[in-house]
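Let's start with one chain on its own, the form predicted on its own, as structure tokens.
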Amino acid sequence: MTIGLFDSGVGGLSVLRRVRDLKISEDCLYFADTLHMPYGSRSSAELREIVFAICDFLVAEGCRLIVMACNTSSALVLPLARARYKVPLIGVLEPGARAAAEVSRTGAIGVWATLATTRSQAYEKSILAYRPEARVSTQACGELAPLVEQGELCGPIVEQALAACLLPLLDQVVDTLVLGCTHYPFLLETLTPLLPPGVTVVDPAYQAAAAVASHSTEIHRGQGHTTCLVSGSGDNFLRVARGLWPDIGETKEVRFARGSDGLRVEMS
């Protein structure tokens, strides 16, 4: 069985690496949609068209399980995609919300996310479904994903951006912080010294990978092959991706095309 994963750039590699950490032997196709990065600033209609084109392509390439390794698409498109496709789809938002509800000591939970995810209120709704008494505070951190996409993981500019995102949530005295964008875990090494004692960080990539591992008896343990499909510059993606996760596999370029039947993805 081939597993398909996608995100707007390198962010979803944080999920892919957790899948590989679990020694899941299936081949993986990772679709890095650098052409449309960032997803967090796009409308629901535009994002739906993009996601459907990617999922159509992954299904045609033989994927029998698809992971939306992106919080924004998980918030805005996942329910519609599940109604459209026969293959199972796993998102990252719901597993992350469940984990936050479980680990928070006081119920004061902060969420960092893109603007689109924040506006959707999907994290609040999902966390409250698991823990009705929780107090959820969300913060849009649109500047963080582009920094990761450029390979900027540390230094004064990154620290300043992290501090600006952190300050509003600290005013709410949160004890749990959800990294509600798959780009954000790559900043964890720089973020950790900025956090006050007692704040637990939730990275939904772990829970999403666990969902992949437990989803089907067809999934086996071992060593699978990874191929990355890139909608923009393959060279730039590979340069940044290798700095984030050295075990990246081969890279192929794909392109979006618009026909009479709408947006579609083709091999370049």
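Owing to the predicted nature of the structure, the values given are computational and were not obtained by experimental measurement. Each residue number is its position in the shown sequence, starting from 1.
Below, we turn to the form predicted together with a small molecule, even though it does not appear here.
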### Query
Which among 192 to 200, 154 to 162, 103 to 111, 177 to 185 is in contact with the small molecule in the predicted bound form, heavy atoms within 4.5 angstroms?
177 to 185
### Task
Give a yes/no on whether residue 224 approaches the small molecule to within 4.5 Å in the predicted bound form, heavy atoms considered.
no
### Task
Report yes if any heavy atom of residue 136 sits within 4.5 Å of a heavy atom of the small molecule in the predicted bound form; otherwise report no.
no
### Query
With a 4.5 Å heavy atom cut-off, would you call residue 37 a contact of the small molecule in the predicted bound form?
yes
### Message
Please tell me whether any heavy atom belonging to residue 67 falls inside 4.5 Å of a heavy atom of the small molecule, as the geometry stands in the predicted bound form.
### Response
no
### Among the candidates 127, 90, 145, 77, the residue which, in the predicted bound form, approaches the small molecule to within 4.5 Å (heavy atoms)
145
